[in-house]
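There is one chain below, alone, in structure tokens, taken in the form predicted alone.
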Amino acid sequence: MNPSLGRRRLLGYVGTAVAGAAAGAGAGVVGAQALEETPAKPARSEALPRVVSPYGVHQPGVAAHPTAVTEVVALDLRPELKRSRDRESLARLMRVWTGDVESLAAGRGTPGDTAPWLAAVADLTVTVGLGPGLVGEEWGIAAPDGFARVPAMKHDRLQEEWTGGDLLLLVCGADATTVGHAVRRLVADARPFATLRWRQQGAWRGRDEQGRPQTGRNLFGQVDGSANPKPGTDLFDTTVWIDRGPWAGGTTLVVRRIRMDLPTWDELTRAEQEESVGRRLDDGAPLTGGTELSDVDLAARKDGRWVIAEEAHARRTHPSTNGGRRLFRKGANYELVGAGGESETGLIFQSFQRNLTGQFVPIQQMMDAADALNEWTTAVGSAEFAILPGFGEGEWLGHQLLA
């Protein structure tokens, strides 16, 4: 079946070609007007790269606004250390990484760094987590409530090269040179304890032309992350942070590498693309009206049909469709180009939540059952990590669990 015809039938769409052309023309006018009405301004000083303090109750990279560059790195503890459940070696690695994080965040090279000039002030954050293989009774480290591996989904096509891991480094910053250098130093300093399992790189446009924070776009052109709870609010805190026990101040993270089929997506009209999501492409507003940050009206009907289709992504992921469950999501676009010029494109999806099986899994299962975007997206990698609480000056990562 032609993918676009298949999607058109599933959404009950009629006449999208005409409507899409009309909507596209209108968007072009709106875009031109917006550009003409927006005076050119120099970048604001607060948009310049800065030092992000590594200290606090929480690791700062979780709630930080998305930066231009993201690297997600998984490592495996060396087999001999894992077999012996060597907590002391794990604690030594955390102490080493703590010193590295303090130096790199301040724009300094790490101890023994052969190229400290590559370190720079760059909004750099390093978030560290433990995989399922390093928590539990065998390690004497109680797992956070609900922390477990994500069960198989019928649309998954997971590849070993992008899946699993004992340790996580999530390194984010304003430029690829600084972030790449930080990753290489952290991985090098981990060698006595752990080996690299996989490394993923992605980019995000989280600021507008004036340097102001904005919701970025994925490679389908969609504004991605509009419904996120806002950091610093009670809703964010109850969605993301673990609030008791040794993991208090931490959270859980699921990393999904999602391959996106851009050639077939591009065959759709704009109206078909918007119906599959339930939001406008130009500004991210719900198809039921309002602005990007307006809530979708799932009860709205037009000509006897749902305005937000039953399989639209916005309906399948909405809290009211999922028993009030929410996530805090981030993304990074990736494109791998082979020697022959062929490419693979997609999204490094990061989902933060306090209870993985209580929040992420049911929402993912809701999407897996019938989300319209399943036709153009495939998860090819998946990994789960318990994100350590933050640390203060004189303390070290994971001291609450490993000391």
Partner chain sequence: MKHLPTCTTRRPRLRSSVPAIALALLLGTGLVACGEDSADSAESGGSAEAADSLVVTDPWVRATIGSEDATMTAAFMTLDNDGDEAVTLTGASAEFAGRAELHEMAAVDGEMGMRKIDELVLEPGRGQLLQPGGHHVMLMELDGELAAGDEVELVLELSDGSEVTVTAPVKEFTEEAGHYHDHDSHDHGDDDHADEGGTKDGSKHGTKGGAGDEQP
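Everything numeric in this text was worked out from a predicted model, so none of it was measured. Numbering follows the first chain given and starts at 1.
One more form of this protein exists, namely the form predicted in complex with the partner chain; it is left out here, but the text below deals with it.
Contact with the partner chain in the predicted complex, defined as a heavy atom within 4.5 Å, holds for exactly one of 73, 119, 260, 81, namely 119. When you look in the predicted complex, the only residue of 168, 96, 158, 285 with a non-hydrogen atom within 4.5 Å of the partner chain is 96. With a 4.5 Å cutoff on heavy atoms, residue 304 does not count as touching the partner chain in the predicted complex; it lies far away.
In the predicted complex, residue 108 approaches the partner chain with a heavy atom inside 4.5 Å. Looking at residue 198, you'd find every heavy atom of it more than 4.5 angstroms from the partner chain in the predicted complex.
Residue contact with the partner chain in the predicted complex: residue 92 places a heavy atom within 4.5 Å of it. Note that among 210-218, 129-137, 184-192, 321-329, the stretch whose heavy atoms approach the partner chain to within 4.5 Å in the predicted complex is 184-192. In sequence order, 393, 394, 395, 396 are the residues of 369-403 having a heavy atom within 4.5 Å of the partner chain in the predicted complex; the partner itself is omitted from this view.
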